[in-house]
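Below, in structure tokens: the form predicted alone, a single chain.
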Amino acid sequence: MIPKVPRENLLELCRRMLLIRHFEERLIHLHDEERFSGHYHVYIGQEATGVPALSCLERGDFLFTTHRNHGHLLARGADPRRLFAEILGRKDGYNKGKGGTFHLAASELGFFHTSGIVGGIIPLATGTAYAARAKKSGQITVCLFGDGALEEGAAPESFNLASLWKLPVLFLCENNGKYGAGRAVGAAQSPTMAVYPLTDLPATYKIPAKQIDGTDAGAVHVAVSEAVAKIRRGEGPQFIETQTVRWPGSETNWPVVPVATDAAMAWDVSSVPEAVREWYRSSDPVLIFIRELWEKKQATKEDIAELDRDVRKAVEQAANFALASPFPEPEEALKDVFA
């Protein structure tokens, strides 16, 4: 289903989903061209979670994200030019090239820290929630992490404190552990987690927890809206597990692009390689959302095509901006460092 918001808001959600998709695909090509080095992760296949979820927040709220972070920043309104520049280690990046892909920060967007350490952000998010409660600022914290983070001891320790002190924090777990195709219902049990379903872990600490289909933008919007409202009313922490189907391009050690996404694929996937065709037909959250917009008469195929073209153009301009940005001077490494 689609979120119950005005048409212009729906089109903006679609634009941001397409922006994330085309940004990540372009980033993969930049890596293949050796424009930057080191490992990285992409958010493809989870756009219908991050975009509607973060649209439910207020400007002053805090966010913490993990290594699969580009989509979260773009969903929050990050400038793709500065984001590309940061990942490429350039001077015009959000952190002047120092953060790279794993440690992006954009305090003006509420992102104080991205951690490449699995589970590393969960106690930090609990800390800002504690500070907001102590200051009575009305701000809430959203902590975005993958299913693997629940294997770390930091997770239950943070859940305990958040529940004990009724802290204003939403723990949003994006479970992309399911492979194959089809709508994301009932992700397979993790081979490294004794707890199943994953919602049993926060529930042990009396944190209300629910599972939803992370490829369903409407379901995500409803669940996060309700959770955020409860947190703002002082009801304490909430936990949501969104389940998605792993993008085929992430099944290798390094991301690959099986096929460049085109909005027209929402209706015709004949151009998609047969080995991955079913994922794009039935599991791709962006194409699912586009079809729903069309079916609910919120956008024509022409509207979507124009939106897709505009986003592609913006992404290419952003990549060119980053490539033209200079590398920082060596002495820049000693600035803004706390010791």
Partner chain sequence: MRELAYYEAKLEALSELMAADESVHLIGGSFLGLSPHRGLFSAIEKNYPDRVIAPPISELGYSGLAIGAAMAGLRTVVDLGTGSFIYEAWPQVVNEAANAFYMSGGQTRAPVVFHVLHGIRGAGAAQHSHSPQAMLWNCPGLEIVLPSSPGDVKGLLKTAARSPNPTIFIDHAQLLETRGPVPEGDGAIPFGRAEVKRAGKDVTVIATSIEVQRSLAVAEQLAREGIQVEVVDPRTVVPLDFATLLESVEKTGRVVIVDQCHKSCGIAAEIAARIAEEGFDKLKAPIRRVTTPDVPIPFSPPLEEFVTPSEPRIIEAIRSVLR
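Residue numbers count along the first chain shown, from 1. In this text, all values refer to a predicted model and were calculated from it rather than measured experimentally.
Missing here is the form predicted together with its partner chain; even so, the following discussion is about that form.
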query: Heavy atom distance at most 4.5 Å to its partner chain in the predicted complex, all of W279, S283 and K296; finding: no
query: Location of its partner chain contact in the predicted complex, chosen stretch of 211 to 219, 224 to 232, 149 to 157, 260 to 268 [non-hydrogen atom, 4.5 Å]; finding: 149 to 157
query: Interface membership of N95, its partner chain in the predicted complex, 4.5 Å heavy atom rule; finding: yes
query: Contact test in the predicted complex: G99 vs its partner chain, heavy atoms, 4.5 Å; finding: yes
query: Its partner chain contact at C173 in the predicted complex, heavy atom, 4.5 Å; finding: no
query: Touches its partner chain in the predicted complex: G120 (any heavy atom, 4.5 Å); finding: yes
query: Position in contact with its partner chain when the complex is considered in the predicted complex, options H103, K166, R81, K178, heavy atoms within 4.5 Å; finding: H103
query: Contacts with its partner chain in the predicted complex, stretch 103 to 137 (heavy atom within 4.5 Å); finding: H103, A105, A106, S107, E108, F112, H113, T114, S115, I117, G120, P123, L124, T126, G127, T128, Y130, A131, A134, K135
